[in-house]
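Just one chain is shown here, as C-alpha cells, and it is the form predicted alone.
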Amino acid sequence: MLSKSQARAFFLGGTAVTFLAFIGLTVFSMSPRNDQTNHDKIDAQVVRGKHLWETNNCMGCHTILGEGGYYAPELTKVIERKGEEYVKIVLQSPEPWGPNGRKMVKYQMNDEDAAAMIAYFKWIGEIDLNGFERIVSPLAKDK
C-alpha cells in the first residue's frame, strides 16, 4: 500500500507523463508532413459542392467519412466506384432516383452545381483514410 506522499507522487507523475504524451501526439498530428486532408486542393468548386451538400441536407440520408445517415449509400469514394458521369446523371435526373426501392429527391441540378458536387466528392475521395479504403454501413451498401 502506498503512503500518502507516495500516492501523491504517483498521481502527479502519471498526470505529467500523460500530459506530455498528449502534447507530443498533438504536435505530431498537427505537423504538415502528417496532413491527410488535401486542404491545398480545396478550390471554389469544392467549397460550392460542400455548401450544396449542406443546404440540400444530403447528410440526412447519405454518409461521408462515416458521418451522416444510413438510409442511402456511403459517398466517400463514390466517384471511384461509380464515375463522374453516373453521379452527374443522378444529380440532374428529372425523376426521383429510386434504386433498390429507396427514393432520392430529384434535385435537377444544373451543370454548374453538379460539377461542384462532383468536385467535392472527388476531393473527399482523395483524403487518406489510413488503409480504410471504404467506410460503409451495412445498411447502406451500394450495389
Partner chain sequence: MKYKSQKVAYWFFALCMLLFTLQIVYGFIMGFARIGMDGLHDFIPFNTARAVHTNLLVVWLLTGFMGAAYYIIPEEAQRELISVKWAYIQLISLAVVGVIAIVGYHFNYWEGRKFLEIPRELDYLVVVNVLLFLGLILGTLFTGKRKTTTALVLSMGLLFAALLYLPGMIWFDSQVTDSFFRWWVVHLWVEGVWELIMGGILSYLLIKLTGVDREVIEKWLYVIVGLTFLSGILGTGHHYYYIGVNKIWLIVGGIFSALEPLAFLAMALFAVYMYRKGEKSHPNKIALFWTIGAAIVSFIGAGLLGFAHTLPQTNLYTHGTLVTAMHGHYAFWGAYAMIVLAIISYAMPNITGRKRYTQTNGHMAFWLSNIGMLGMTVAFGVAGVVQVYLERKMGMDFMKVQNEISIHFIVLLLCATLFTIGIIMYIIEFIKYGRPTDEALNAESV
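Here the structure is a predicted model, which means the values were calculated and not measured. Positions refer to the first chain, counted from 1.
What follows is about the form predicted in complex with the partner chain, which we do not show.
Q: Contact between residue 66 and the partner chain in the predicted bound form at 4.5 Å, heavy atoms?
A: Yes.
Q: Is there any non-hydrogen atom of residue 88 lying within 4.5 Å of the partner chain in the predicted bound form?
A: The answer is no: residue 88 has no heavy atom within 4.5 Å of the partner chain.
Q: Verify the contact flag for residue 123: yes if a non-hydrogen atom of it lies within 4.5 Å of a non-hydrogen atom of the partner chain in the predicted bound form, no if not.
A: Because a heavy atom of residue 123 falls inside 4.5 Å of the partner chain in the predicted bound form, the answer is yes.
Q: Hey, in the predicted bound form, does residue 41 get a heavy atom within 4.5 angstroms of the partner chain?
A: Flag for residue 41 set to no.
Q: Listed by sequence position, which residues of 1-35 have a non-hydrogen atom within 4.5 angstroms of the partner chain in the predicted bound form?
A: If the 4.5 Å heavy-atom criterion is applied to the partner chain in the predicted bound form, 1-35 yields 1, 2, 3, 4, 7, 8, 10, 11, 14, 15, 18, 19, 21, 22, 23, 25, 26, 28, 29, 30, 34.
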